[in-house]
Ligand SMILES: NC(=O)c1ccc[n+]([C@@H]2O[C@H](COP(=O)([O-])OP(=O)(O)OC[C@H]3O[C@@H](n4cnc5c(N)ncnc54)[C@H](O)[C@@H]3O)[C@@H](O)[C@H]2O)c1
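The data below hold one chain only, encoded as C-alpha coordinates and taken in the form predicted on its own.
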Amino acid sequence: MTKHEVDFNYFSQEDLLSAGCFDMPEILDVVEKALLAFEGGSIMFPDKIVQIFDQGTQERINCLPATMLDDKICGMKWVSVFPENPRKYDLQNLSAIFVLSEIEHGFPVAVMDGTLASNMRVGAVGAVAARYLAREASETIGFIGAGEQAKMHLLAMKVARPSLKQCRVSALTAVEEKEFIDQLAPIVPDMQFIAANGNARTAMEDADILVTATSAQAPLLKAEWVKPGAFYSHVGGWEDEYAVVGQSDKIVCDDWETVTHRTQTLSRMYKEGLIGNHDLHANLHELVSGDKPGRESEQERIYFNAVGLSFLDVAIALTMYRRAKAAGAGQQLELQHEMIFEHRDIAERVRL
(Lines give C-alpha, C1' and ligand atoms only; values in the text may rest on other atoms or scores of the structure.)
Protein backbone atom coordinates (compact mmCIF):
# COMPACT_ATOMS: atom_id res chain seq x y z
CA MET A 1 0.00 0.00 0.00
CA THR A 2 1.41 3.36 -1.01
CA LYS A 3 1.28 6.42 1.22
CA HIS A 4 -1.47 7.99 -0.85
CA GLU A 5 -3.57 4.90 -1.51
CA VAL A 6 -7.22 5.35 -0.51
CA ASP A 7 -9.36 2.25 0.08
CA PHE A 8 -12.93 1.72 1.21
CA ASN A 9 -15.23 -1.20 1.96
CA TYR A 10 -18.16 -2.07 -0.29
CA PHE A 11 -21.15 -3.99 1.05
CA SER A 12 -24.08 -5.18 -1.05
CA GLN A 13 -27.44 -5.89 0.53
CA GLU A 14 -26.60 -9.58 0.43
CA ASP A 15 -23.33 -8.88 2.28
CA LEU A 16 -25.23 -7.11 5.04
CA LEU A 17 -27.82 -9.87 5.32
CA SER A 18 -25.13 -12.58 5.47
CA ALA A 19 -23.42 -10.65 8.28
CA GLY A 20 -26.59 -10.67 10.41
CA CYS A 21 -27.44 -7.01 9.97
CA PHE A 22 -31.19 -7.69 9.75
CA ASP A 23 -31.27 -7.58 13.55
CA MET A 24 -34.39 -5.64 14.49
CA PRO A 25 -33.87 -5.57 18.30
CA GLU A 26 -30.40 -4.11 17.76
CA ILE A 27 -31.72 -1.47 15.35
CA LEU A 28 -34.40 -0.35 17.81
CA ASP A 29 -31.68 0.13 20.41
CA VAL A 30 -29.52 2.03 17.89
CA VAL A 31 -32.43 4.39 17.19
CA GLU A 32 -32.91 5.11 20.90
CA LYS A 33 -29.20 5.73 21.47
CA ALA A 34 -28.99 8.03 18.44
CA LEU A 35 -32.00 10.03 19.63
CA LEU A 36 -30.29 10.53 23.00
CA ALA A 37 -27.04 11.53 21.26
CA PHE A 38 -28.98 14.05 19.19
CA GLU A 39 -30.57 15.50 22.31
CA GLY A 40 -27.10 15.66 23.87
CA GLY A 41 -25.74 17.71 20.96
CA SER A 42 -23.24 15.18 19.58
CA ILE A 43 -24.83 14.90 16.14
CA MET A 44 -24.69 17.27 13.17
CA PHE A 45 -27.99 17.19 11.32
CA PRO A 46 -28.15 19.54 8.30
CA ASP A 47 -31.16 19.92 6.06
CA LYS A 48 -31.66 17.31 3.38
CA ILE A 49 -31.62 18.14 -0.31
CA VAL A 50 -34.81 17.16 -2.14
CA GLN A 51 -35.23 16.87 -5.90
CA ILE A 52 -38.86 16.17 -6.84
CA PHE A 53 -39.32 15.27 -10.50
CA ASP A 54 -43.11 14.86 -10.47
CA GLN A 55 -45.27 16.74 -7.97
CA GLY A 56 -48.23 14.47 -8.61
CA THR A 57 -46.50 11.16 -7.94
CA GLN A 58 -43.76 12.63 -5.70
CA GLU A 59 -41.04 10.82 -7.66
CA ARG A 60 -37.83 12.10 -6.09
CA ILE A 61 -34.20 11.60 -5.17
CA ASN A 62 -33.01 12.94 -1.83
CA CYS A 63 -29.59 13.51 -0.31
CA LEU A 64 -29.56 13.17 3.50
CA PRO A 65 -26.33 13.91 5.40
CA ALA A 66 -25.46 13.63 9.10
CA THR A 67 -22.37 13.37 11.27
CA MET A 68 -21.91 11.26 14.39
CA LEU A 69 -19.34 13.40 16.19
CA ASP A 70 -18.53 10.89 18.94
CA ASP A 71 -17.91 8.18 16.34
CA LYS A 72 -16.04 10.59 14.05
CA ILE A 73 -18.11 9.43 11.08
CA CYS A 74 -19.90 11.53 8.51
CA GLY A 75 -22.50 9.79 6.36
CA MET A 76 -24.85 10.45 3.51
CA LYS A 77 -27.86 8.54 2.22
CA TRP A 78 -28.71 8.96 -1.46
CA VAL A 79 -32.25 7.65 -1.76
CA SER A 80 -34.75 7.48 -4.58
CA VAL A 81 -38.49 7.16 -4.03
CA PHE A 82 -40.55 6.38 -7.13
CA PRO A 83 -44.06 5.45 -5.93
CA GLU A 84 -45.26 4.38 -9.37
CA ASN A 85 -42.58 1.70 -9.79
CA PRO A 86 -44.57 -1.25 -8.35
CA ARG A 87 -47.70 -0.55 -10.39
CA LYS A 88 -46.03 0.42 -13.66
CA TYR A 89 -42.92 -1.74 -13.73
CA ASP A 90 -43.25 -4.34 -10.94
CA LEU A 91 -40.17 -2.80 -9.31
CA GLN A 92 -39.51 -1.63 -5.76
CA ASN A 93 -40.33 2.02 -5.11
CA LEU A 94 -37.28 2.80 -2.98
CA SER A 95 -33.57 2.27 -3.41
CA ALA A 96 -30.73 3.79 -1.43
CA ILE A 97 -26.98 3.85 -1.07
CA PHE A 98 -24.80 5.08 1.81
CA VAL A 99 -21.39 6.71 1.79
CA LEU A 100 -19.58 6.82 5.14
CA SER A 101 -16.39 8.86 5.68
CA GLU A 102 -14.10 9.27 8.66
CA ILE A 103 -13.60 12.88 9.76
CA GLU A 104 -9.94 12.71 10.82
CA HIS A 105 -8.66 12.86 7.24
CA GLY A 106 -11.97 13.00 5.39
CA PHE A 107 -11.55 9.76 3.44
CA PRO A 108 -14.42 7.36 2.65
CA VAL A 109 -14.55 4.14 4.65
CA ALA A 110 -17.63 2.51 3.16
CA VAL A 111 -20.03 2.52 0.24
CA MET A 112 -22.97 0.26 0.95
CA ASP A 113 -26.52 -0.70 0.21
CA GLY A 114 -28.92 1.65 1.95
CA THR A 115 -32.26 0.07 1.12
CA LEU A 116 -32.11 -2.42 4.00
CA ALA A 117 -31.12 0.21 6.55
CA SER A 118 -33.59 2.77 5.24
CA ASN A 119 -36.57 0.42 5.40
CA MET A 120 -35.51 -0.92 8.79
CA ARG A 121 -35.23 2.64 10.11
CA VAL A 122 -38.82 3.40 9.13
CA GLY A 123 -40.12 0.38 11.03
CA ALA A 124 -37.76 0.85 13.97
CA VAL A 125 -38.74 4.48 14.56
CA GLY A 126 -42.43 3.56 14.61
CA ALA A 127 -41.66 0.71 16.99
CA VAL A 128 -39.59 2.87 19.34
CA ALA A 129 -42.57 5.22 19.47
CA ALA A 130 -44.79 2.21 20.23
CA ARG A 131 -42.56 1.32 23.20
CA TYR A 132 -43.65 4.56 24.84
CA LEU A 133 -47.06 5.17 23.32
CA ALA A 134 -48.81 1.86 22.53
CA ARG A 135 -50.59 -0.12 25.23
CA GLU A 136 -48.33 -2.81 26.65
CA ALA A 137 -50.96 -5.50 26.12
CA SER A 138 -51.59 -4.59 22.46
CA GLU A 139 -52.71 -7.68 20.54
CA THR A 140 -53.98 -6.50 17.16
CA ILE A 141 -52.20 -4.47 14.49
CA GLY A 142 -53.82 -3.19 11.31
CA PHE A 143 -52.19 -1.98 8.09
CA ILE A 144 -53.24 0.08 5.13
CA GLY A 145 -50.42 -0.64 2.72
CA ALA A 146 -48.48 -3.85 2.22
CA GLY A 147 -45.11 -2.72 0.85
CA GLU A 148 -41.60 -3.00 2.26
CA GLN A 149 -42.12 -0.33 4.90
CA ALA A 150 -45.31 -1.97 6.12
CA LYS A 151 -43.47 -5.30 6.38
CA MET A 152 -40.66 -3.69 8.36
CA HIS A 153 -43.20 -2.03 10.63
CA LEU A 154 -44.74 -5.37 11.53
CA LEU A 155 -41.40 -6.96 12.39
CA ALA A 156 -40.31 -3.94 14.43
CA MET A 157 -43.67 -3.65 16.21
CA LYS A 158 -43.46 -7.32 17.18
CA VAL A 159 -40.14 -6.56 18.87
CA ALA A 160 -41.56 -3.54 20.68
CA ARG A 161 -44.84 -5.24 21.58
CA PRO A 162 -44.35 -9.03 21.72
CA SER A 163 -47.99 -9.36 22.83
CA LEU A 164 -49.17 -8.76 19.25
CA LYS A 165 -51.13 -11.80 18.04
CA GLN A 166 -53.12 -10.70 15.02
CA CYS A 167 -52.20 -8.73 11.91
CA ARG A 168 -54.78 -7.45 9.43
CA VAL A 169 -53.62 -6.00 6.14
CA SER A 170 -55.39 -4.03 3.43
CA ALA A 171 -53.77 -3.19 0.10
CA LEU A 172 -54.80 -2.11 -3.38
CA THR A 173 -54.83 -5.69 -4.64
CA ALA A 174 -55.33 -9.15 -3.22
CA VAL A 175 -51.95 -10.11 -4.70
CA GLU A 176 -50.19 -7.52 -2.53
CA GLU A 177 -51.99 -8.72 0.60
CA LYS A 178 -51.11 -12.33 -0.18
CA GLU A 179 -47.46 -11.49 -0.76
CA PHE A 180 -47.33 -9.60 2.56
CA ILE A 181 -48.73 -12.62 4.40
CA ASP A 182 -46.71 -15.22 2.49
CA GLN A 183 -43.44 -13.40 3.20
CA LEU A 184 -44.05 -12.55 6.86
CA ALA A 185 -45.94 -15.57 8.18
CA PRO A 186 -42.77 -17.76 8.25
CA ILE A 187 -40.88 -14.99 10.10
CA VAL A 188 -43.61 -14.43 12.70
CA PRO A 189 -45.17 -17.91 13.08
CA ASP A 190 -47.18 -17.01 16.21
CA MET A 191 -49.07 -14.25 14.36
CA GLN A 192 -52.54 -14.73 12.89
CA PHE A 193 -52.74 -12.97 9.52
CA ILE A 194 -55.98 -11.69 7.99
CA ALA A 195 -56.26 -10.36 4.44
CA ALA A 196 -58.82 -7.55 4.33
CA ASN A 197 -59.49 -7.88 0.59
CA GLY A 198 -58.93 -4.18 0.04
CA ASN A 199 -61.29 -3.15 2.83
CA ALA A 200 -59.40 -0.61 4.93
CA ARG A 201 -62.05 -0.59 7.61
CA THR A 202 -61.72 -4.34 8.13
CA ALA A 203 -57.98 -3.92 8.62
CA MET A 204 -58.07 -0.93 10.95
CA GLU A 205 -61.25 -0.93 13.00
CA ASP A 206 -60.73 -1.94 16.64
CA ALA A 207 -56.98 -2.48 16.17
CA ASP A 208 -54.67 -1.63 19.07
CA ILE A 209 -51.96 -0.40 16.71
CA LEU A 210 -52.72 1.14 13.32
CA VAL A 211 -50.18 1.77 10.56
CA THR A 212 -50.68 3.54 7.25
CA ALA A 213 -47.74 2.98 4.91
CA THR A 214 -48.74 4.08 1.43
CA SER A 215 -47.84 6.66 -1.18
CA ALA A 216 -51.40 8.01 -1.17
CA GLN A 217 -52.10 11.72 -1.14
CA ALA A 218 -55.68 11.28 0.05
CA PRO A 219 -57.21 10.44 3.45
CA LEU A 220 -57.60 6.66 3.74
CA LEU A 221 -57.97 6.24 7.52
CA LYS A 222 -61.27 7.34 9.08
CA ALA A 223 -61.49 8.70 12.62
CA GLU A 224 -64.37 6.38 13.52
CA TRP A 225 -62.09 3.35 13.00
CA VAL A 226 -59.59 4.50 15.66
CA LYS A 227 -60.77 3.21 19.02
CA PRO A 228 -59.91 4.74 22.40
CA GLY A 229 -56.51 3.48 23.52
CA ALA A 230 -55.21 2.97 19.99
CA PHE A 231 -51.75 3.99 18.80
CA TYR A 232 -51.48 5.21 15.21
CA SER A 233 -48.18 5.29 13.31
CA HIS A 234 -48.44 7.51 10.24
CA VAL A 235 -45.72 6.66 7.71
CA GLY A 236 -46.58 8.18 4.35
CA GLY A 237 -48.01 11.46 3.12
CA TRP A 238 -51.65 12.47 3.52
CA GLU A 239 -53.14 9.15 4.69
CA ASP A 240 -55.81 10.05 7.25
CA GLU A 241 -58.66 12.48 7.57
CA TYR A 242 -58.16 15.54 9.74
CA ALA A 243 -60.58 14.18 12.34
CA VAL A 244 -58.07 11.45 13.22
CA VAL A 245 -55.74 14.18 14.43
CA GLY A 246 -58.57 16.14 16.03
CA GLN A 247 -59.65 13.28 18.29
CA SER A 248 -56.12 12.30 19.33
CA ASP A 249 -55.15 12.90 22.94
CA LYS A 250 -51.44 13.17 22.15
CA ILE A 251 -49.52 14.08 19.00
CA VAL A 252 -45.89 12.98 18.85
CA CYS A 253 -43.41 13.41 15.98
CA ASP A 254 -39.89 12.32 15.24
CA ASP A 255 -39.19 16.01 14.66
CA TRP A 256 -42.03 18.54 14.69
CA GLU A 257 -40.08 21.29 12.93
CA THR A 258 -39.35 18.96 10.03
CA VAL A 259 -42.95 17.72 9.88
CA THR A 260 -44.35 21.24 9.48
CA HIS A 261 -42.45 21.66 6.22
CA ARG A 262 -43.67 18.45 4.57
CA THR A 263 -46.92 17.20 2.99
CA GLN A 264 -48.23 14.91 5.73
CA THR A 265 -51.64 15.33 7.35
CA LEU A 266 -50.12 17.27 10.24
CA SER A 267 -48.21 19.45 7.77
CA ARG A 268 -51.38 20.31 5.88
CA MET A 269 -53.30 21.10 9.04
CA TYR A 270 -50.44 23.26 10.33
CA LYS A 271 -50.29 25.25 7.09
CA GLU A 272 -54.07 25.71 7.17
CA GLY A 273 -53.93 27.01 10.74
CA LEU A 274 -55.89 24.09 12.16
CA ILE A 275 -53.12 23.03 14.56
CA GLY A 276 -50.12 24.82 16.02
CA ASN A 277 -46.96 24.27 18.02
CA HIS A 278 -49.00 24.03 21.22
CA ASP A 279 -50.72 20.89 19.91
CA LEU A 280 -47.50 18.88 19.88
CA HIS A 281 -47.04 16.72 22.96
CA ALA A 282 -43.42 15.77 22.30
CA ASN A 283 -40.71 14.87 19.85
CA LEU A 284 -39.64 11.25 20.09
CA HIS A 285 -36.25 11.97 21.69
CA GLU A 286 -38.07 13.63 24.60
CA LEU A 287 -39.89 10.38 25.35
CA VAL A 288 -36.70 8.32 25.14
CA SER A 289 -34.86 10.68 27.51
CA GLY A 290 -37.81 10.87 29.88
CA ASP A 291 -38.23 14.61 29.45
CA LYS A 292 -41.86 14.07 28.47
CA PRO A 293 -44.26 11.27 29.46
CA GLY A 294 -45.44 8.65 27.01
CA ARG A 295 -48.81 6.96 27.36
CA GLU A 296 -50.53 8.01 30.58
CA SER A 297 -53.82 6.14 30.34
CA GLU A 298 -55.29 3.06 28.67
CA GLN A 299 -57.86 5.19 26.85
CA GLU A 300 -55.60 7.73 25.14
CA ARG A 301 -55.65 7.83 21.37
CA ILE A 302 -52.10 8.67 20.35
CA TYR A 303 -50.92 9.89 16.95
CA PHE A 304 -47.32 9.46 15.83
CA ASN A 305 -45.86 10.96 12.66
CA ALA A 306 -42.30 10.30 11.49
CA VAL A 307 -40.89 11.90 8.35
CA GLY A 308 -37.37 10.46 8.64
CA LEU A 309 -34.25 11.82 10.31
CA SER A 310 -30.99 11.35 8.44
CA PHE A 311 -28.89 10.89 11.56
CA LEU A 312 -30.90 7.77 12.40
CA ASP A 313 -30.17 6.36 8.94
CA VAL A 314 -26.46 7.10 9.35
CA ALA A 315 -26.39 5.60 12.86
CA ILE A 316 -27.97 2.40 11.53
CA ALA A 317 -25.63 2.32 8.52
CA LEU A 318 -22.63 2.72 10.81
CA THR A 319 -23.82 -0.17 12.97
CA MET A 320 -24.28 -2.36 9.90
CA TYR A 321 -20.88 -1.37 8.50
CA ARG A 322 -19.12 -2.36 11.70
CA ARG A 323 -20.97 -5.64 11.94
CA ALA A 324 -20.37 -6.55 8.31
CA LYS A 325 -16.69 -5.61 8.48
CA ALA A 326 -16.20 -7.67 11.65
CA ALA A 327 -17.85 -10.61 9.88
CA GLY A 328 -15.45 -10.33 6.95
CA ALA A 329 -18.26 -9.60 4.52
CA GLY A 330 -18.05 -7.38 1.47
CA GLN A 331 -15.05 -6.25 -0.52
CA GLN A 332 -12.20 -3.80 -0.04
CA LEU A 333 -11.94 -1.58 -3.10
CA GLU A 334 -9.22 0.86 -4.12
CA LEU A 335 -10.36 4.40 -4.82
CA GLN A 336 -6.88 5.58 -5.76
CA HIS A 337 -3.43 4.03 -5.62
CA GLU A 338 -1.55 7.32 -5.59
CA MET A 339 -2.17 11.00 -6.18
CA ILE A 340 -2.83 12.17 -9.73
CA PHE A 341 0.61 13.58 -10.55
CA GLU A 342 2.40 10.70 -8.85
CA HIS A 343 1.41 8.34 -11.68
CA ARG A 344 4.53 7.62 -13.71
CA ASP A 345 2.66 7.69 -16.98
CA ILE A 346 0.62 10.83 -16.20
CA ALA A 347 2.26 12.77 -19.07
CA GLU A 348 0.87 10.20 -21.49
CA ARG A 349 -2.65 10.46 -20.09
CA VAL A 350 -3.13 14.23 -20.10
CA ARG A 351 -5.06 15.74 -23.01
CA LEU A 352 -4.60 19.49 -23.57
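Just count from 1 along the sequence shown to find any residue number. These figures come from a predicted structure and were not determined experimentally.
Quick note: we don't show the form predicted in complex with the named molecule, though the next part is all about it.
* Asked: Candidate spot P86, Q149 and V307, all three in 4.5 Å heavy atom range of the named molecule in the model of the complex?
  -> Affirmative, all three are within 4.5 Å.
* Does the 4.5 Å heavy atom contact test between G237 and the named molecule in the model of the complex come out positive? -> So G237 counts as contacting the named molecule.
* Is there a non-hydrogen atom of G145 within 4.5 angstroms of a non-hydrogen atom of the named molecule in the model of the complex? -> Yes, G145 lies within 4.5 Å of the named molecule in the model of the complex.
* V81: touches the named molecule in the model of the complex, heavy atom cutoff 4.5 angstroms -> Answer yes; at least one heavy atom of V81 falls within 4.5 Å of the named molecule in the model of the complex.
* Asked: Is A185 close enough to touch the named molecule in the model of the complex, meaning at least one heavy atom pair within 4.5 Å?
  -> Result no; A185 lies far from the named molecule in the model of the complex.
* To do: Would you point out which of 102 to 110, 278 to 286, 89 to 97, 223 to 231 contains residues with a non-hydrogen atom within 4.5 Å of the named molecule in the model of the complex?
  => Within 4.5 Å of the partner lies stretch 89 to 97.
* Would you mind picking the one in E205, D71, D255, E176 that has a heavy atom within 4.5 Å of the named molecule in the model of the complex? => Checking each option against the named molecule in the model of the complex, the one that comes within 4.5 Å is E176.
* Within 4.5 Å of the named molecule in the model of the complex, heavy atoms considered, which of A134, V122, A156, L266? -> Looking at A134, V122, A156, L266 one by one, just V122 meets the 4.5 Å heavy-atom criterion.
* Asked: Going by heavy atoms, what in 211 to 229 lies within 4.5 angstroms of the named molecule in the model of the complex?
  -> Residues within 4.5 Å: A213, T214, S215, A216, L220.
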